[in-house]
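Shown here is one chain on its own, the form predicted on its own, set out as structure tokens.
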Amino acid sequence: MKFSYGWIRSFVDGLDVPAEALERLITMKTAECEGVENPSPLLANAAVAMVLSAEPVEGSNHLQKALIDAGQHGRRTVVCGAPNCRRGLRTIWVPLGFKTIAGIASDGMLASAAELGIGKDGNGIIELGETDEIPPADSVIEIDNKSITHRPDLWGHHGMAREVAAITGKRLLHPIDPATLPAPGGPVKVGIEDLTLCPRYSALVFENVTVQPSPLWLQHRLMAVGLNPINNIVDLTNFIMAELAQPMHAFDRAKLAGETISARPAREGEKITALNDEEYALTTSNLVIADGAGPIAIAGVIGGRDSAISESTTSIVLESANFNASSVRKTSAALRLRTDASMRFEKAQDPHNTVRALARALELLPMLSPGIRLVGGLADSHGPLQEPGRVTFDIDWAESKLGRSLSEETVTEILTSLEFGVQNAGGRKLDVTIPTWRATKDIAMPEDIVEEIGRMVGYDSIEPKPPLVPCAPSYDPPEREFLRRVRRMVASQGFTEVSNYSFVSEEDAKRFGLALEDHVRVLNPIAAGQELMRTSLLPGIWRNVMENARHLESFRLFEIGREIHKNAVGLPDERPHLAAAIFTKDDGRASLFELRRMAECLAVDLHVRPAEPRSWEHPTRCAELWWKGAQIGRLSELHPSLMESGRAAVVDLDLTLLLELAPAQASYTPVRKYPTSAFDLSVICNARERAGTLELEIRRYAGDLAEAVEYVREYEGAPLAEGRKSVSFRVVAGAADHTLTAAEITGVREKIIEGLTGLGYELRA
């Protein structure tokens, strides 16, 4: 929404705050501004000039060498290409310095209205009358529309001027004299079928109308705020809309059928061709303005082409109406047509404003169309008009809400400057009367008035103080902190967290061998394919892998979520799980070890045991994860049939079980005082023997003196027989209270060798 600084200034007596400073004040106290711009930068130095002579430039078919008198700037020579440049023309000259054109030094230029930004005519230079003056340079303050969406009064310059006057402590000037309105009874009658949809419809009739271009000052005002000048009558309606926030429309009276104009719902099958030359099919949900033949305008949105003002118009019906905000919004949305008028009506305009706009038109029309004549009186139809609301306002209560002291004088001054009615109601209480333009979904209760006081005194004047209430940190359940710790740990290892819906399709459940009857079925799924509550996170992780595999060569994903398992009685059991996946384009071997290492960060000394493959697992790459005697999860690779390319290793951990098995409190282990000793053992076994099985057996026979058993390497080939391999381990032995003797270390090694030999293994120490 654009606001002309000069326009606002015309309503605020003695306003001396520059536009840039005013923009800051408006932002802090009324609405968020987006900046200040100059729509007509050339006007600042422009001067009225008289063309003394105009001679054709030799060798050119359109250029003329003009000698001008620019007043205090003296005589200048200007090369001009405008077809209307002629001797005796009074126009506007802009000093832009010298430029050689067709071999002639041209000093500045003679400007068109379009070049100056004060009109749309760019076909020739401006032609000024004997008394015409250059419109003053102006600044435009742009305000964010959303910040004034609840303030219909701020969609016009006079409403914004009211705010500026209150902010700066100046007097607001009113452009309207209601006494100029004629008595009721005009040649055209107006009717309203539903007062809920159209609370008020007012109109005046004028004859002896001359349709012509608007004067420069009017075109300049409209263009500065983003409105396109058309002709004096249409420009008048747009001018009043921008000034008073009251949309208006003018009909060519000669094109109307009958002497009655009605606001009514459209009939089924009715159509209208609008001013934009588009035809709209109407429904009964659309409110229209109609004459005896049918719709002549879509109420609150746009007028009809068949009743539009043209150069031949000599008599007009000037309407000023009020429409239901939601009705206009629905019609605008349904027709996909949003106009300057509909945007204002959508904000719930004040029904009292219709006659204010007509009074303003009565004042301006004689200046825009000399000789125009009002015919008859005011046509005005409406239901009961809303009386100004009243609110009892307690200043002491307001102080407790704002957190600062307020005097009765300050509150009264602020509310009076905003044109609220204020009377003392005893003590420090006020009887506040709400003006009608603030009573349309804006001000209704004391809390609303506190906001008015707060913004005007300035929220920066309120000293920030902490609330005087007991404050204690919130209690986080152990489970929540545990899940946070897991999330931080996994993310720190390069995994990206994903979040999937807690629903799966029947197809995905079958793909992962999950029985459909074990799922909780959703009665009202939010989308197709989300009819079952998930009993595993793996289907969602698989879909994440498939989607990202199309774009990336390798990646890591994880999700922490709840599996939902059906119970025979009562609510389902929700168990938090961690599912993680690593996708690569290599053989995938390293990914399995990486996921095991990640799992060991949560469960130190976990064990991997062989497992029977499930339908979705690689036949030779699947295992169970055990910790402290319980199976906590599963490590595997997705079956090749589930992958379009590459390999994906996945791990699934039961976090509820992990939390239960985790020690409630970490125990302190002192720093070792005595050195350890290490020795290597190589076990000869079948090529399919698992290193994890061998490690468990070594730990079992090593006894308490073995502090660690570490896998080193494995070897296949000569001199070993085919189908055999050598697996090497490093055993670290030590004691907490002394240094082990050679005999003790030898004893540990011999126990291991004796035990493994008894199991049929061959050892090399």
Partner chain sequence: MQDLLDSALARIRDASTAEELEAVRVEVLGRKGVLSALSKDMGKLSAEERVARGKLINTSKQALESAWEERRDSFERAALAKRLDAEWLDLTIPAPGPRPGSLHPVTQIQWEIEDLFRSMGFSVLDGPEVETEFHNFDALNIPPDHPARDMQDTFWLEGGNLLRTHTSPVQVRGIEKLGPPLRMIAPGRVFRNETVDTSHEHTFYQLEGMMIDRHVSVGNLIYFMKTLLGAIFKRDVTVRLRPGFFPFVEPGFELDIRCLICGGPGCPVCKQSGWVELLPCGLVNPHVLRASGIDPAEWNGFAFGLGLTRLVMMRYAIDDIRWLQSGDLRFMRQF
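Quantities reported herein were computed from a predicted structural model and do not represent experimental measurements. Positions refer to the first chain, counted from 1. For the two forms, the rigid core is made up of the largest set of C-alpha atoms that agree within 1.5 Å on superposition.
Note that the form predicted together with the partner chain isn't included here; everything after this is about it.
Asks: With the partner left out here, if you bring back the partner chain in the predicted bound form, are Pro464, Tyr501 and Leu571 all within 4.5 Å of it by some heavy atom?
Replies: Yes: each residue has a heavy atom within 4.5 Å of the partner.
Asks: Just to be sure I understand the contacts: of His352, Arg511, Arg428, His519, which is the one whose heavy atoms reach within 4.5 angstroms of the partner chain in the predicted bound form?
Replies: Contact residue from the list: His519.
Asks: Name the single residue among Val79, Met533, Val94, Ala137 that comes within 4.5 Å of the partner chain in the predicted bound form, judging by heavy atoms.
Replies: Partner contact (heavy atom, 4.5 Å) among the options: Met533.
Asks: Is Lys29 close to the partner chain in the predicted bound form, meaning a heavy atom pair under 4.5 Å apart or at it?
Replies: Yes, Lys29 is a contact residue.
Asks: So in the predicted bound form, does Arg487 come within 4.5 Å of the partner chain, heavy atom to heavy atom?
Replies: Flag for Arg487 set to yes.
Asks: Please determine whether Asn544 contacts the partner chain in the predicted bound form, using a 4.5 Å cut-off between heavy atoms.
Replies: Yes, Asn544 sits close enough to the partner chain in the predicted bound form that at least one of its heavy atoms falls within 4.5 Å.
Asks: Applying a 4.5 Å heavy atom distance criterion, does Phe251 contact the partner chain in the predicted bound form?
Replies: Phe251: no, not in contact with the partner chain in the predicted bound form.
Asks: Heavy atoms, 4.5 Å, the partner chain in the predicted bound form: which of 113-121, 289-297, 452-460, 625-633 makes the cut? Say which one.
Replies: Result of the contact check: 452-460.
Asks: What are the residues of 540-577, in order along the chain, with a heavy atom within 4.5 Å of the partner chain in the predicted bound form?
Replies: Asn544, Glu547, Asn548, His551, Leu552, Ser554, Phe555, Arg556, Leu557, Phe558, Glu559, Arg562, Ile564, Lys566, Gly570, Leu571, Pro572, Glu574, in sequence order.
Asks: Just checking, between the shown form and the other one and with the core aligned, does Ala528 shift 2 Å or more at the CA?
Replies: Yes, because once the rigid core is superposed, the C-alpha of Ala528 moves 2 Å or more between the shown form and the other one.
Asks: Does Lys330 show a Cα shift reaching 2 Å between the shown form and the other one after rigid-core superposition?
Replies: Lys330 C-alpha, core-superposed: shift of less than 2 Å.
Asks: Could you check, with the core superposed, whether the Cα atom of Met445 shifts 2 Å or more between the shown form and the other one?
Replies: No, because once the rigid core is superposed, the C-alpha of Met445 moves less than 2 Å between the shown form and the other one.
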